[in-house]
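One chain is shown next in structure tokens, namely the form predicted alone.
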């Protein structure tokens, strides 16, 4: 009844964060201002939930297109960027999917769901990406699609533009450049859009994770083709109304992103001051660090009411690594003090 390979897969696990400071999921920690929340509620009251949502999302796509400097027909909306990843994997020619390793797990997971073979290219020192090695794997595996998360998750780094450009210029399949963390990065790759390359964005990291809306930017013909495998009415009425409203007040989220970038710098400085902790450069809203004992640190933080992401189980370059989302200033202070205690305890028992 159920495919054996599906039975053997591990489901994507979302841990219970009830009662904990939640620093594991790269969410914007800042709540909506009260006045904006009230205005939003008034807008939502206009929803005709007895009717299906606008299937073409024309007004919303036009608003996003105006912000991004493209035409509405170059915008594709998805129920989270995950759905667009799935659309791309469904629509692409038969052939392997090539990804760096480590990177965002959904590229490989959705490929497995769809029985598309996956080939990985290990990252080098400092989580660097070798463009020539990546292209060689693409050629060897007869790849039809490839994903580059720019910046990369879970490592946090942004590969040099020349590296990404070399891959975009020479890969003849569909290249998906995933810019989920664009609000926290110093550059974009939208100029690399071509018949072979699309750019993926999301509103989730910016503060609207609960709406589950992502979008792709690409050439009109590519976007039209991907749209043919989009499920009807995939963006519900409440999300459409909400996003249209929030786009009118986008400065609020840009200010919050600036605060997160500033807190990232402060958190980075605090971690760099700990001799036992190795923290890696980041252009995202999270930091990756290596600690003496990741399992012990993870449990110690959880016991102190703080949830982070333990990546040690992934092995290789992520051995003894934890990933922490940049939270509110007071949450970051709690995390820093807790980690200091744990590191001291670990050193004392060694």
Ligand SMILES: Cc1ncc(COP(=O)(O)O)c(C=O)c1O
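The model shown is predicted, which means the values in this text are computed figures rather than measured ones. Numbering follows the first chain given and starts at 1.
Omitted from view is the form predicted together with this ligand, to which the following refers.
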Region of this chain that lies against this ligand in the model of the complex, out of 77-85, 271-279, 246-254, 94-102 [heavy atom, 4.5 Å]: 77-85
The one residue among 26, 287, 317, 311 placing a heavy atom within 4.5 Å of this ligand in the model of the complex is 26
Of the options 242, 111, 153, 236, which one has a non-hydrogen atom that comes within 4.5 Å of this ligand in the model of the complex? 153
Contact label in the model of the complex: residue 158 to this ligand, heavy atom within 4.5 Å: no
Should residue 184 be classed as touching this ligand in the model of the complex when contacts are defined as heavy atoms within 4.5 Å? no
Test of understanding: in the model of the complex, would residue 196 fall inside 4.5 Å of this ligand by heavy atoms? no
Does at least one non-hydrogen atom of residue 204 fall within 4.5 angstroms of this ligand in the model of the complex? yes
Checked 149-187 against this ligand in the model of the complex; residues with a heavy atom within 4.5 Å, sequence order, are 149, 153, 178, 180, 181
